[in-house]
Structure formats: structure tokens, C-alpha cells
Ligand SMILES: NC(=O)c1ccc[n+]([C@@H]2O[C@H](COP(=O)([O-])OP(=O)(O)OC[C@H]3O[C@@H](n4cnc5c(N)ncnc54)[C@H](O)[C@@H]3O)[C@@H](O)[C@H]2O)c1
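We begin with a single chain expressed as C-alpha cells, specifically the form predicted on its own.
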């Protein structure tokens, strides 16, 4: 890996950013790691003590502000983990915070990287793919989940999942649009200014220290409600809970990023689909059964058949390209991820229950 001296992590007190900052500092103790975050999301303040104890510098700042990047000083690697991460953002309110954070923020990240000559790892999302195209996949019910009809395939998809060649024509939510637009900006900066950058279109990322909500972080929310109590519902697609996502432990993501940095000269400019893949996928109904087994608690789960505008019934990452290129595969399966999350919830109940438990 390049001899980096200082790493800046935007969104560095959030779930992904804080975990990555801590992992890089643990494994590369001689490198300075700085976490930049505006602490907008509830629960992100809980990362501050962990970052300080590990020797990660915290800088309260906002990617929407160029002055805050100036305050961060020079760096030679930027991990851009900052985002308004909800695909439902903007539907019930104005889009200003979403667009300013996800798109204007990317511009400021790129300008900072250009000025300092830094490399960039950008965490994009699977939600760049159009909603109607994903919803039109030929799905069939198989037990407690939806699956792509075995043996079927089309442009950018098969029963192994979705590849980066999946068509991009169509609408994808404002969240997805800001991330796709950010990808285009990054590619232009790479071409015009020589910024070395890798783009990872991530599926569902999860693990301890994620403050799960209905619209982002569903696995942690499900596990927390089975332990702390509170309402849950199967929403959309008939209210059966058969919608499927693949999940990736943040530790497995970190392992991949290290591999990508080892080959940054070769893979700069590449876009990769990154997720747990078919073997690490789960439906909500399957997740409920696993949560009952691990927690020992059974809770009532409501059924709401109405599908919200940005919801999709199925997304599984086809990991074949990234796995072959970097000799990488997820090490955490669904049950291992859930057990890790459950242990964290049990061990930090007093601190986490006010955030992840029922609203009182």
C-alpha cells in the first residue's frame, strides 16, 4: 500500500466512517487518522470516546463547508463516507440537506483531494440503479423470500445478483441521483486532474455501532427491537416480509478497501459492486426467525401491504468481479453478523436502548 501519512475520513463519526477510521488506526498506528463529522445523525456522538481512545483525531465539521476542509489540513488519502443515507430522504420534506450533503459535499471532497494530491475511496450505493428496473426483475417466491427466477438473466443481472452493467436509464430517488452524480464528478476529476479514485457501490452495510432505523440499518433495528422492544412491521409487497437484501459486515468492507489501496495504481477509475452476495442475503421474515432464535424473544410484527415509492423487493450484489480481482470474499455470514450485533446490543444496553429502543 502507498506510504500514506495522513488519512481524512468524512462522515468519520458515523457507523461506517468511525469503524473504518478505527480499523486503519489499529492496523497502521504510525499514520495520522482524522475523522470529520457534523454529528447530524443521532447516536454519532457515541463514537467520539472510541475515536479518542484509539488515537483518532476528531474534527467537528461539515462536508458542505469548504472552510471545514481547510481546517482539516493536508492529507494524502480521503475516505468519503459522508452522506444523507436514507433513500426516502426528500419525499416528505425539501431536498436541500440531501443535495447539499451528498452532491455539494462530494464536490468539496474532490476539491480538497485535488489541492492536496490525495487518493480517494468513495462509498457509493446500490441505489444508483433505477427503481422500476429493479422492481421489474422476474421474481418468484421461494419459502420465506423472493428470488430471481432460477436460470433467468438479462443486462447486468442474473440469479447471482446485480452487476455494474445493470442499466442506469430511469429514476432512482433523489438519494440515488446524488450518489450517481457524485460518481460522474469523480470520474471527471480523475480524468482532468489525475485524482486517483475508486468507487464502491455498496449494498447494505451493517455491524455494531450502527444506529439502525426503518429506512437505513434495518438489521440492527430488527435485532434491537427483539431485545429492547418496540414496533416492527413488514412494509410493502403484500406485507409478507419476503423482500430480500444482501448484507456486508463493515469489517469485510475494510478488508476490501485495504486490497483496493494495495492496487490503487491499477484500479483507479474503476467502479465496483460491493456487498454480501447471494450467500449473505436475508429476507425480513428470515431475519425475524433468526432474531427470535438469538434473542430468545418473540415479538408481534405488523403487516403493511402498501409499498412506498422508493422501495424495491429484491437486491443482491453479484460480487464476482470484485472477488476475482482482489481475491476477496465476505467472511461474515448472516448469522455471524447478527450474533456480533446482538452481543454489542447486550453489552451496551443502557447506552443504546434510548436510541434503538421504543420511543417513549
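No experiment lies behind these values; they were computed from the predicted model shown. Positions refer to the first chain, counted from 1.
Below, we refer to the form predicted together with the ligand, which is not included among the displayed structures.
S.K.: Between the ligand and 163, 323 and 333, in the predicted bound form, does every residue show a non-hydrogen atom at 4.5 Å or closer?
M.R.: No, the candidate spot makes no contact with the ligand.
S.K.: Between the options 210, 173, 288, 182, which residue brings a heavy atom to within 4.5 Å of the ligand in the predicted bound form?
M.R.: Checking each option against the ligand in the predicted bound form, the one that comes within 4.5 Å is 210.
S.K.: Out of 90, 241, 203, 130, which one falls within 4.5 Å of the ligand in the predicted bound form, going by heavy atoms?
M.R.: That would be 203.
S.K.: Only one of these stretches, 21 to 29, 333 to 341, 7 to 15, 348 to 356, has heavy atoms within 4.5 Å of the ligand in the predicted bound form; which one is it?
M.R.: Checking each option against the 4.5 Å cut-off leaves 7 to 15.
S.K.: Residue 280: heavy atom within 4.5 Å of the ligand in the predicted bound form?
M.R.: No, no contact at 4.5 Å.
S.K.: Is residue 147 near the ligand? Define near as a heavy atom within 4.5 Å, in the predicted bound form.
M.R.: Outside the cut-off, so no.
S.K.: Hey, in the predicted bound form, does residue 63 get a heavy atom within 4.5 angstroms of the ligand?
M.R.: Flag for residue 63 set to yes.
S.K.: Is residue 216 near the ligand? Define near as a heavy atom within 4.5 Å, in the predicted bound form.
M.R.: Yes.
S.K.: Using a 4.5 Å heavy atom cutoff, which residues in 298 to 337 contact the ligand in the predicted bound form? It's fine if the answer is none.
M.R.: Result: empty, none.
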